[in-house]
Structures are given as structure tokens and as C-alpha cells.
Ligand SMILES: Cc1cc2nc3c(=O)[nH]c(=O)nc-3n(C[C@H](O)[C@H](O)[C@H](O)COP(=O)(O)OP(=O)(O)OC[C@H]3O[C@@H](n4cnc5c(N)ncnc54)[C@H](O)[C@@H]3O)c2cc1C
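Listed next as C-alpha cells is one chain, alone, in the form predicted alone.
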Amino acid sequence: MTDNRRDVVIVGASGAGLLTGYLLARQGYRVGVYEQQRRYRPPRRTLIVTSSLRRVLPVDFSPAVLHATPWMTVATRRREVTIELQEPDWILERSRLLHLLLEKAQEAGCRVYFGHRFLGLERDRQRILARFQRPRRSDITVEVGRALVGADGVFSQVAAAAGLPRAPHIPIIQAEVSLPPGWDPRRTQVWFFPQDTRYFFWLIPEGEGRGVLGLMTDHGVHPHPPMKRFLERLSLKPHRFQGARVALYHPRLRAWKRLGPVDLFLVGDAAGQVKNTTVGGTVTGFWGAQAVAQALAQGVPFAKAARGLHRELLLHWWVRKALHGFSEAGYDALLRSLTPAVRQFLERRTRDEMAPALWKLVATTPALWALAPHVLRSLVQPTPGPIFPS
């Protein structure tokens, strides 16, 4: 076996890619992760994740934890409701988490190659070869023995090379700020202001006195103008900004394909494994990594290994479609519908484990039926932007 052959080739040292490498290396696979960055410097970004992270991430991630918040307040201009979570959300720093996963993957025996830009795939008789460009050195080809994993984000070159659609994506921006005077650091808040964004604004505490104010907008809409207005509304001064393009799930996306003798998988943002309601993809991306490891190690079809994940993502896709055309009156009605029974449901279940119980809740809670006119108006409105932007 030459050094240019790997059982599993992973393109992209993202969180989902590194976890996939860690899980498969522990199973005895000869794994190589190929990352375009010459020096691994993922940008700082504040993440909020649910306690379901423990279920999908089998390593101690406490070094990446900045804070925990047990309260989630949702608000409009006229109303607000606070959900007291049974298990608090964790506030993580993304670059710390990625460096931790890099260390764990290498300890498990995974080889990580930096400065390797994916160029494409080649067939040589019955072999599948991945081609990489290296700075100031000749290109190399790596034979894929068992599987190729695309973990290379929203602009996945692996998806393009395999003829799979890339996930739709939207921009997010976060401003690092000092918390407003009197703000309880145990509380994360979300605001629905549909005249500024069809998604929402948020304020996530990172600890005593500091946090991030953020928003996401539709594809093609620049987030800076509404961010500037919202900062002025709260009388906050940004210390610095964090930004990213974040993938969205779509039922037409495919995360698996057979390429001759090998399996090709997409994970994380490359597969659109992101909840459309909150644009949270940390837990669901790691869930996708777990599904890939299960499919390979246990020899089960990927569709079976990922069934629970896609059921959850599909639920969030439908909820986002139902909310995407809500007016301010619709969001006021939404907050009025949060009866004690609904709040208890939201307090006991994380945002990553709502399917299929949410449908039963809707069917048995008359207060939620009052949202029907707003939902119907929303569903007939087209979602802006292309379904699968290039």
C-alpha cells in the first residue's frame, strides 16, 4: 500500500469532516483529510448549540465552551415569551472546537494534509483518484480505496465534481458587543422583525458583559444595513464582526452517490445538513458524520443510517416554509400561541429532536390552529433566490 492510497479520503477539515475522520480512524480505516488551508486558522465564530451535542460528539468538548444559557426569549415589537430550557444551550467558540477535533482526529490515527486544494476526480480503470494541487509542488493524485467524503462547505468542489447539487446558502453576520446594561447573561434572545429580515435577529451572551448580536438574511440580500440599524436600536457599539455563508437543507439535496467501486458522501454544509429554522448546523453536521461512519463500519445503506437526521431536517424545512412569509401580525400570533403546553414541549425537547413529536403537538393543540391563515399566506409566497445557487 503506497502513501498515495487511503481507505477514506476526506476533503475539507471542517468540523463534520474531522469528526468523520476521527470516527473512521478509530474503526481501523486508513483515513486522510485534505485541507486547502496551508495553516489551519479557522476564523473565530460564536455558536449556540443544544444539549443534543453530547449525543453526536463523543469527545470532551468543554475546552470550546464559553458559556451556557438556560433561558431563550423570543420577541416581537409588542410581545415576548421566555422558554426555560430543561437543559441549557451551550455557547461555543468555533475555532476552538475545530482545533480540538483536529487534535482528536490525529490522535486516532487520521492523517491530515494541509495546503492541498481539491482539483477533481479521475477514473483509472476501476480506480477512483482524487487530484490535489499543492503550493510550489507538483499536483498529486490519491487513490480512494473505500469512500470519498466531501466536507468542504457550501461551495463544495466535491459535490460539483460528482455531479451533485450544492446546497443553497445565505449570509449571516454577528457583531461582538458589550451586553446592554442590566442584561442577564443567562438569557439568549431572538427578535422577529420581518420588515428587516425574513429570518430573525439574536443576542447570544458569551459570559458576563459580552456577547454577539447577529442576523441572517435571504440569499442576495446584504446583511450590513439591517445590522447597522439594529445596533443603533439597541445603542450597541460593535467591537468586531464575524461573518459566514451558511448552507440550508433542501429535500432535493443528495448526500450519497456510488462512484464505481467507492461510496461518495457529503457531510455538514456540503450536504446542507443545517436546520432551516435556526440555520444551526453544528449538531446536525456531526449527526451526518455519525451516519457516514455507521454506513461504512456496519455496512448499512446511508439512507438508513441518516433516516433520523433527514426526518429532523425535513421538519425544519417545512417549519421555515411556513414562517418565511409571516408578517409582524403573524409573529405576534405565533407568540400568543405559545401556551403552557407548547412552552413545556419547547422546554423539554431540544431544537435537534423535534420530529415527529411536533406534528402531534400541532394536531392536539387548538391554540396553534389560529396560525393557519398566516401559514397559508406564507406557503403561497415564493422563497427568494435560486433553489441551488452556484
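Please read these numbers as outputs of a predicted model, since none were measured by experiment. When you see a residue number, it is the position in the sequence shown, counting from 1.
The form predicted together with the ligand exists for this protein as well; it is not shown, and the discussion that follows is about that form.
*Asks:* Tell me the stretch among 252-260, 229-237, 167-175, 291-299 that has any heavy atom within 4.5 angstroms of the ligand in the predicted complex.
*Replies:* In short, 167-175.
*Asks:* With the partner left out here, if you bring back the ligand in the predicted complex, are Asn4, Ala108 and Ala130 all within 4.5 Å of it by some heavy atom?
*Replies:* No: none of Asn4, Ala108 and Ala130 comes within 4.5 Å of the ligand in the predicted complex.
*Asks:* When the contact criterion is heavy atoms within 4.5 Å, does Arg94 count as touching the ligand in the predicted complex?
*Replies:* Flag for Arg94 set to yes.
*Asks:* At the 4.5 Å heavy atom threshold, is Glu312 in contact with the ligand in the predicted complex?
*Replies:* Although the ligand is absent here, Glu312 would stay clear of it in the predicted complex, with no heavy atoms inside 4.5 Å.
*Asks:* Any chance Val11 has a heavy atom within 4.5 Å of the ligand in the predicted complex?
*Replies:* Output for Val11 is yes: heavy atoms within 4.5 Å of the ligand.
*Asks:* Does any part of Phe118 reach within 4.5 Å of the ligand in the predicted complex? Heavy atoms only, please.
*Replies:* Contact check for Phe118: yes, within 4.5 Å of the ligand in the predicted complex.
*Asks:* Have a look at Gln157, Thr76, Thr188, Thr277 for me and say which one sits with a heavy atom within 4.5 Å of the ligand in the predicted complex.
*Replies:* None of the other options qualify; the answer is Gln157.
*Asks:* Between His67, Arg45, His324, Arg349, only one gets a heavy atom within 4.5 angstroms of the ligand in the predicted complex; which residue is that?
*Replies:* None of the other options qualify; the answer is Arg45.
*Asks:* Taking the ligand in the predicted complex, which residues of 23-51 have any heavy atom within 4.5 Å of it?
*Replies:* Sequence-ordered list: Tyr34, Glu35, Gln36, Gln37, Arg45, Thr46, Leu47, Ile48, Val49.
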